[in-house]
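Single chain ahead, by itself, as structure tokens, in the form predicted alone.
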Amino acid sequence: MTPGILKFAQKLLLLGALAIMGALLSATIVRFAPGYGVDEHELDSRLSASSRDAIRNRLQLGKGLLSYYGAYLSGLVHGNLGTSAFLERPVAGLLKERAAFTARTVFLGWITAWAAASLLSLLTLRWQSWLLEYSATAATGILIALPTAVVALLCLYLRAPLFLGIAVITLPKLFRYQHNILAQAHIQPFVLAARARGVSPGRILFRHVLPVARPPLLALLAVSASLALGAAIPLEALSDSPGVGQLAWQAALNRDLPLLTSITLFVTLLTAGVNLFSGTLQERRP
């Protein structure tokens, strides 16, 4: 086995360990949350003691944390994520139905934010006008101050697609980091020397600035994808969209431990996977 393949295999093992650790930690938080182990149906005075025991057994409310850990890991090895206590459906089926919607929304929002941030950054670097610089900074400053709930309400009121809300939330942070990276590369001595020799701005950008800025931009690529995914969850919950975010909100409200644990596993895998991909690209740069 070559060193490159061995290193990649180690990263995959680390990815799996982080995902499982995140899922089990979320299960621990839910398990010890106030009110866990109480189902609203148990408050019905018409139920007998045997009926209440049946509810607790069905929802596995009396199950210990270590027992739940063992059962969950055993099911995970066999491809079984359990059954949602609230929706009474297999968790794997629920995630399969909603993951495509969330993935498409996050991808479109992420691409839109990168396109807008790159355009603003290149415009400010190309013309270097204080008016353009302050206008872009002020616009992104206003956007970064908008709460997620306000962005969700605006999307509903304007009937705008959800990915635009993700782009609005992701754009301000993405622009500031991207602009700083490109500006730092733009003032390097060899760039100033190329400008003094009359090299065209386009050639300076593609031959001198972008090669220097590529490693931090690749790292920003992964960070921005995580930001877009994090923005999608509250937006989907607040706008009642049929995605993983809405499912996570329902699982949290109803203390649906199997569903919440699997959603945490899903989100952790995506986030860590994007970071792994970005790190691999940086290691293979010439």
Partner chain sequence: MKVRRALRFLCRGALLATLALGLFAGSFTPYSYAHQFRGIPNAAPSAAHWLGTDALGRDLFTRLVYGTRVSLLLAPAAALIASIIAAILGAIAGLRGGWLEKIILACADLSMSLPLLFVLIALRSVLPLDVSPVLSVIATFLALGLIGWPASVRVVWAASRDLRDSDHLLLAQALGYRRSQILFHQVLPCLRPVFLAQFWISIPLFILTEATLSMLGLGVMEPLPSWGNLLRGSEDFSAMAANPWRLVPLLVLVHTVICFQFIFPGSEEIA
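Residue numbers count along the first chain shown, from 1. All figures in this text were calculated on a predicted structure; none of them were measured in a lab.
The same protein has a further form, the form predicted together with the partner chain, not shown here; the description that follows concerns it.
Residue contact check for Q188: none of its heavy atoms lie within 4.5 Å of the partner chain in the predicted complex. At the 4.5 Å threshold, heavy atoms of A100 stay clear of the partner chain in the predicted complex, well away from it. Taking non-hydrogen atoms only, L18 approaches the partner chain to within 4.5 angstroms in the predicted complex.
Interface membership of W249, defined by any non-hydrogen atom within 4.5 Å of the partner chain in the predicted complex, is confirmed. Between the options I144, V212, L108, I204, the residue in contact with the partner chain in the predicted complex by a heavy atom within 4.5 angstroms is I144.
Heavy atoms within 4.5 Å of the partner chain in the predicted complex are found in one stretch of 124-132, 92-100, 193-201, 154-162, which is 154-162. Residues of 216-254 lying near the partner chain in the predicted complex, listed in sequence order, are S226, L229, G230, I233, P234, A237, L238, A248, W249, A252, L253, the criterion being any heavy atom within 4.5 Å.
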